[in-house]
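Let us start with two forms of the same protein chain, each given on its own as structure tokens and named structure 1 and structure 2.
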Structure 1
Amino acid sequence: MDTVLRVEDLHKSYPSRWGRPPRVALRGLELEVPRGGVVGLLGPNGAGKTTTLKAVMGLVRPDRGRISLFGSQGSDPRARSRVGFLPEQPYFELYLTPRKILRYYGRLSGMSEESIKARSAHLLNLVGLGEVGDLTMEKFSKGMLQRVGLAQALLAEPELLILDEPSTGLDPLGKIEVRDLLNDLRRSGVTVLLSSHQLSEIEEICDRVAVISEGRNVASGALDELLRSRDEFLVRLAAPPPAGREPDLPPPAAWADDRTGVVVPREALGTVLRRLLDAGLEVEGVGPRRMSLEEFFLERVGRSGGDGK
């Protein structure tokens, strides 16, 4: 597997003032982002997501550990030439126009004037700011600034796109547009690493996830594999049972919401199958139940949510 980003044993703590103990943000974090696809970095507030992304971008200095970006040391600025980054709640000099700010970042990325011009026009249209590309950003909403942020992240045609909470400040339509954009990028071969605490966003977009809590990995891998329960099965029926003819199920087996399936713990699978068949119901298939990401997250992180404390 071709890996574009590898983070090994990353530790980071921030000093506190007045003799208080340092705040530990990362405690041996491991992360691997294979080429292609969308990887979600998931965790509660204060879990260390932003610190991880900032360390990858060279914005904070890890206490120890190793970051390899396209095979180079992460702190090497040249490695960043293949990366686009959207910080959390991006902000810009508001007296500038989106087109001017893209020109500034394009120059810093080493792009030629022609390609900056062409890319800016394309990206401003892509993020829905084509009409206001030459207006100063003083009256821009949070969502519009987020769109400018997306455009600047995509400016230099990055191979790896790192997005910190990309949907923050966006309205529902904007969120859908971001999701579609990320799907387009995935199809064009761009690797995306996005951090979010919005489970639905991660579940809809990502192929793989890394769940972190209190600065450590709690789970990582392909989303489908992670969400496949090892202890529960879903028995799928060809049709829901007629009203009043449902067989009794041994607890904690339970009917699925649409009543075309039964969620069964491993130890009760045989009993439930027999009762369904005895009741004359047609069993279409049996397989491991796919948990929702929320269930998985709560199972791994717990309801306390970590909060880095």
Structure 2
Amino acid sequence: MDTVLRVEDLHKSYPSRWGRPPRVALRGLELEVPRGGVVGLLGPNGAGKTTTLKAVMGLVRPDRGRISLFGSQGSDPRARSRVGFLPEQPYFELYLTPRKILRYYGRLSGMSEESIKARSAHLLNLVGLGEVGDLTMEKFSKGMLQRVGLAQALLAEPELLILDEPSTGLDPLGKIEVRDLLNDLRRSGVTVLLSSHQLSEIEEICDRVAVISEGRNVASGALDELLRSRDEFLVRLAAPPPAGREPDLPPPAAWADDRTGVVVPREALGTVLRRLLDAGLEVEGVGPRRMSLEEFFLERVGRSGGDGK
């Protein structure tokens, strides 16, 4: 599998004041991002997600470890030029307009004036700012500034796009538009590494996930594989049972919320099937139950802290 980003044995600590021991952010983190698709980075508050992204972008210097981009050292300017980055809180000089901001970053990237002009017009329309591209950003909302940041990250047509909380400040429509945009980028061959505290967003967008806790990678892989429970099955019914005529189920088997299915542990599957059929219910199929990303996250990380930075 072609890997565009590889992080090996990454360590990072931050100094503390008043003689306190350093705060450890990363403890030998391992991470691989294969070419193509969208990879989600998950973890509770303080797990090291933002530190990881900043280390990849060269914004913080790790204590030790190795970062590779496109097979080259992460510090290689040629490799870095193939990466677009949106920080969690993008900062711009607010007296400028979105079009001037994009021209500035385009010149830093070595783009020609003609390419900057054409690409800026396309991206401002793409992120919904085509009509305000020449207005100063003094009165822009947080969501509008986030859209400017997304346009900046896409300006030089990166092969790897790194996004830290890209939906911050966006309304529900804006979040849908970002999701559709990421799906379009995936189809065009752009690789995306996405950090988000919204588990539903990760589950809808990502092909793969990496879960980090206390600075270590505790689970990673294809989302479908990780969420496939090997100990539970879902028995699907053609219709829910009539009210008051549900057959008794051996615990911990339980009805699904819509009553058209039963979640069954492996050892009780035969018993449950017999009781459903004896009650005259039509079974449409039986298959492994897919966990929700929230269930998987809590199983690997626990309930303390919640998901965030």
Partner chain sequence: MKRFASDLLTVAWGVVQDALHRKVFYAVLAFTAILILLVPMLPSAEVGVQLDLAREAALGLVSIMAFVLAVILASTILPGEMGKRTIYNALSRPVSRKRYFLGKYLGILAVLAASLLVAYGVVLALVGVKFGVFSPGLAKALLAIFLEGALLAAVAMLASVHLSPVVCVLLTGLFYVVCHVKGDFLYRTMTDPGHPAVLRGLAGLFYYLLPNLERLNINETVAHGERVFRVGAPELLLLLGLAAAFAAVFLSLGAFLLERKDL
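Here, residue number means position along structure 1's sequence, counting from 1. Quick caveat, the model's predicted, so the values are computed rather than measured. Rigid core (definition): largest C-alpha set, two forms, superposition within 1.5 Å.
- Looking at the condition given, the form predicted in complex with its partner chain, one finds it describes the source of structure 1 alone.
- For A239, a C-alpha deviation of 2 angstroms or more is recorded between structure 1 and structure 2 after rigid-core alignment.
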